[in-house]
Every structure is written in structure tokens, then in C-alpha cells.
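As a starting point, one isolated chain is supplied in C-alpha cells, in the form predicted alone.
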Amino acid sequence: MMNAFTPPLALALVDIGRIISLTLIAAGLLWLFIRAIKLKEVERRVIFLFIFISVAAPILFPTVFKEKATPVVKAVFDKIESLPPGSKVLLSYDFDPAMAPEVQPMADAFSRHCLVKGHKIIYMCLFATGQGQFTRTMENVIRPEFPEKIDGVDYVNIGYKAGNEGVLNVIISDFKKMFPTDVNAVPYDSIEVFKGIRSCKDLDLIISIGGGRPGIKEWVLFVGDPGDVPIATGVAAVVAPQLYPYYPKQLLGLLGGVKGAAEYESELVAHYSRFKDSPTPALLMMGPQTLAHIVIMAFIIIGNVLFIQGRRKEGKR
């Protein structure tokens, strides 16, 4: 991970590697285009080699492309941005390690945004594995980047409770009944974050992160709709298409897959200079995807040129 503390020599080598890789890819595509015009075939192995280079190069020499937040992502960012300091936001870690590569960057980005805005965060999870995933946020984001934030005052982790939808059915009317203490056994009434909060109806925003079951659909059905609470989500890419019908009435916005996470990270960096050196794993993961897609689109264009040239040659016979 490149940051402000990376040695200048290492940064220079990465820059050189990136330039060489992109130059080789561009020159190679030009060569293929010229061969297509001359109606010369290209072996499959050459195509596979191009795909390999386009994926490997941004990994070996981290390459970040600019991302512009789409309206569905921007809506979540703008909601958190517009809430007054001290607002109560619940982040539910409803995912397991298998889904973490896609959604953990979202969870970390949401935490950064809420903490820098001075919001009070309530962490919980409907997945037992979510507790471990929150630990990653605690170790990688909260402690190193926000050492001034106090557990119980600025954020609280109330952990996992078994029961799926049953948990939501209770906290929509009474938090204390389901979570009498936080994970450190601190009584509910002694936790400053919970002052003025009796149920989910007293929250300013709920964000479910994951995409499994129980997850965002259950949050909408058992909390968002009956409690009229603003709900947003960040989910794996495969789940996102199923949730777009909920936007914008039942979901104020959603992040879908690595692309959505990268858009959010980009917005966060653009608005807060303090995060320019913070990890942006989603933006880094988009590098290989973006470059590979560019190469594939170039192959489609070259293939069509080859096809048209072939038809023209046949027409002249």
C-alpha cells in the first residue's frame, strides 16, 4: 500500500513500472490494430497474454483510476454529510469473511465518514461473524486514525444477538430489551451514545452492510418501513440488482460491490484531505478491473475492424 510514508525510491520504481506497463499495453494494442487492418490473424495466446498483463500490472504497480460517485452512491454520502454533528448512526455488520473483500471497504469508509463528521455510531451485527469483521475496522480505522474517539461516548459496539428477524422486531420498539449491555458488559443506561435512544425509531440513519440473510431486506421490512427510519446499504455486487427496486423510497441509497465502495472512497478523499493517505482498498481493486475492461473493449473494436476488412476483401472478389 503506497502512502506518504513509502520511501521515495519505492514510489519512483512503482511509477516507472506503471508507465512501462501502460506503454507496453498501448503499443501492443496498436500493433494488434495494425495487424487487423492488414487482415492478419492473432493467436489466442497473445490475447491471453494481454489480459494477464492488464490484470497483473495494476496489482504489481498500484494504479488508481478516478471514480465519480453515481447518484445511488452519492445519496448515501450526502445523507451522512448533511446530518448535524452528534447524530446517531447504526452500522450493522451483516456479512462474513467470504463477503469481506467487497464490503469491508464500505464498512471502513462509512466509519471514517461518520467519525470525522462527529456522529455517534452504534455497531452491531446480525451475523455472528460480523463481530470479527468489526474488529478489523477497530484495528485498522478507529484506533489508528481516530485515537481521540472514546468507546461508549463516540461509538459503541453492542455485538451480535441470535434471532435474525426476531432481533429487529424487538429493537424497533426497545433496544435495551435485546441489548442490556454492550460487548464489554457496560450497562445500557451507562452508555452515553444511547442517551435519548429508546429504539431504532430514535436513530438518524441505519446502514446495513453485507448482502446475505438476514440483511438489508429484513432491515427494510422490520425496521425501515414500520419505523419510518432512513436506511442505506452496502452490498456485494451480485446482490445489488435485487435491491435497486427499493431505491429511492425504501432505501435512500446503496453501494454495490467494489465499484460502489471505490466511488464512496473517492468522494471521501475528495472532501477530506486528511484521508488522502488512508487506505483505499476498493480504489486499488478497481485498477485491474478498469484496465482489463479497457483492453477487452479494445479487442472488441479490433475484432470488428478485422471483420469489416474481411467483408470488404470478399466483396472485391
Partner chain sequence: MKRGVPLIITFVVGTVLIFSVFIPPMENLGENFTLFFDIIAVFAFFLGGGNLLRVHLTKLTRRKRDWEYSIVTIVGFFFMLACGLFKIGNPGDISASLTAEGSWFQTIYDNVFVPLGSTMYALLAFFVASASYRAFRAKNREATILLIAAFIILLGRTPLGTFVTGWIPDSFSVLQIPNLAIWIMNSPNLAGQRAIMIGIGLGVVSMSLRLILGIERTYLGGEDK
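Rigid core: the largest C-alpha set superposing within 1.5 Å between the two forms. These numbers come from a predicted model, not from an experiment. Positions refer to the first chain, counted from 1.
What comes next is about the form predicted in complex with the partner chain, which does not appear here.
Participant: Is every one of Ile51, Ile296 and Ile300 within 4.5 Å of the partner chain in the model of the complex, counting heavy atoms?
Facilitator: Yes, because Ile51, Ile296 and Ile300 each have a heavy atom that approaches the partner chain to within 4.5 Å in the model of the complex.
Participant: Does any part of Glu265 reach within 4.5 Å of the partner chain in the model of the complex? Heavy atoms only, please.
Facilitator: Judged by the heavy-atom cut-off of 4.5 Å, Glu265 is well away from the partner chain in the model of the complex.
Participant: My question is simply whether Arg312 lines the interface with the partner chain in the model of the complex - judged by any non-hydrogen atom within 4.5 Å.
Facilitator: Residue-level check for Arg312: no, no contact with the partner chain.
Participant: Even though the partner isn't displayed, in the model of the complex is Gly253 close enough to the partner chain, meaning a heavy atom within 4.5 Å?
Facilitator: Residue-level check for Gly253: no, no contact with the partner chain.
Participant: Indicate whether the partner chain has at least one heavy atom within 4.5 Å of a heavy atom of Val42 in the model of the complex.
Facilitator: Contact check for Val42: yes, within 4.5 Å of the partner chain in the model of the complex.
Participant: Among 238 to 246, 112 to 120, 204 to 212, 81 to 89, which stretch has residues whose heavy atoms lie within 4.5 Å of the partner chain in the model of the complex?
Facilitator: It is 238 to 246 that comes within 4.5 Å of the partner.
Participant: With the partner chain left out of view, choose which of Val141, Val229, Val72, Leu168 has a non-hydrogen atom within 4.5 angstroms of it in the model of the complex.
Facilitator: The option sitting close enough to the partner is Val72.
Participant: Of the residues Ala270, Leu30, Ile37, Ile47, which one places a heavy atom within 4.5 Å of the partner chain in the model of the complex?
Facilitator: For this set of options, the contacting one is Ile47.
Participant: Going through 61 to 91, which residues have a heavy atom within 4.5 Å of the partner chain in the model of the complex? Please give them in sequence order.
Facilitator: Heavy-atom contacts within 4.5 Å come from Phe65, Lys66, Glu67, Lys68, Thr70, Pro71, Val72.
Participant: Determine, after fitting the two forms on their core, whether Arg44 shows a C-alpha shift of 2 Å or more between this form and the one not shown.
Facilitator: Yes; Arg44 is a residue whose C-alpha shifts (by 2 Å or more) between this form and the one not shown when the cores are overlaid.
Participant: Align both forms on the core first, then report whether Val269 has a C-alpha shift of 2 Å or more between this form and the one not shown.
Facilitator: Val269 C-alpha, core-superposed: shift of less than 2 Å.
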